[in-house]
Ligand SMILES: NC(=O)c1ccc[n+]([C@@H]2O[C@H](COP(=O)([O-])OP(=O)(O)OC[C@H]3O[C@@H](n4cnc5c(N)ncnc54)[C@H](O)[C@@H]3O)[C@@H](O)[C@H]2O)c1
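Next up is one chain by itself, shown in structure tokens, the form predicted alone.
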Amino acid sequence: MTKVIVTGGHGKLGRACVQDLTEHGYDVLVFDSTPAPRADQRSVQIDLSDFGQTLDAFLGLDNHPGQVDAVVHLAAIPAPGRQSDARTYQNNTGCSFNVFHAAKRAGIKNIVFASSETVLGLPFDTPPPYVPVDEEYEPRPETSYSLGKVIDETLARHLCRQDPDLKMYGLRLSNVKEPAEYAAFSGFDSDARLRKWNLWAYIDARDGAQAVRKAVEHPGKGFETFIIANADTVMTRPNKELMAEVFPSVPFRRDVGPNETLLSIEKARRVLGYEPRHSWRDRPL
């Protein structure tokens, strides 16, 4: 059984990841700053901004001994504007540094971490260079939160340069949603600008968890980034109509379906075998 540490396992995506990994036979241990929501969950309350605590936990705790095979790092202030810009940047980059280096000291070679769609230039006040956007152009951080994610990616790239046996995959996750939130989607059509900030994209938490597991299981080495979104948009209005209204000067790089995601998931499909299985359109009416 593969032992996986999930940081931030009590968050929206974290809960889905813990459930998915457990259902697929993984031995999961959560590191989170909050107490375990259930008594039966294997969870350790840790301040990941403290390197001593982080290293101690990664090297093995009294009641959680044994070699760790992989790390899924999700812990962070989850979006810009939740706390001060400086606090968001310092917390998120500091925790990532601590987790990455503690994992390195513990000999862990398989690290999957939450980057963000925001590195693509969200909220697209400056229009994207083309659609569907992909991993091919340089990051365009517009917030302290996004800048922190770019720093995480840069750190991961250089750690992999230093150690050719290390694998670090950064998942540029879209806006995470749970099924209970889908009822609100019907209101988005009334104003194309309500969700223009991420090109009308989202990721079902269950599909985000699938992508995390696929990244953990992939046998590659080195640093890679993958955009992770659902296969469709949050809109019933077609993409060409939306783009003509909001981003009329942005070119389409290829033909897309009427409601196909404009955050390209082609790389994740091709390399990881990722395929979204859930859609807000499948919800009971």
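These numbers were taken from a predicted model, which means no experiment stands behind them. Residues carry their position along the shown sequence, with the first being 1.
The same protein also exists as the form predicted in complex with the named molecule; that form is not shown, yet it is the one meant from here on.
With a 4.5 Å cutoff on heavy atoms, residue 160 does not count as touching the named molecule in the predicted bound form; it lies far away. The named molecule in the predicted bound form comes within 4.5 Å of no heavy atom belonging to residue 234. Heavy atoms of residue 95 reach within 4.5 Å of the named molecule in the predicted bound form, making it an interface residue. Of the heavy atoms in residue 47, some are within 4.5 Å of the named molecule in the predicted bound form. This chain lacks the partner; the member of 199, 211, 173, 103 within 4.5 angstroms of the named molecule in the predicted bound form by a non-hydrogen atom is 173. The partner is absent here; in the predicted bound form, the one residue of 12, 24, 277, 269 having a heavy atom within 4.5 Å of the named molecule is 12. Using a 4.5 angstroms heavy atom cutoff to the named molecule in the predicted bound form, all of 34, 115 and 149 count as contacting. Of the candidate stretches 219-227, 251-259, 47-55, 236-244, only 47-55 has residues with heavy atoms within 4.5 Å of the named molecule in the predicted bound form. If you take 255-278 and check each residue for a heavy atom within 4.5 Å of the named molecule in the predicted bound form, you get nothing at all.
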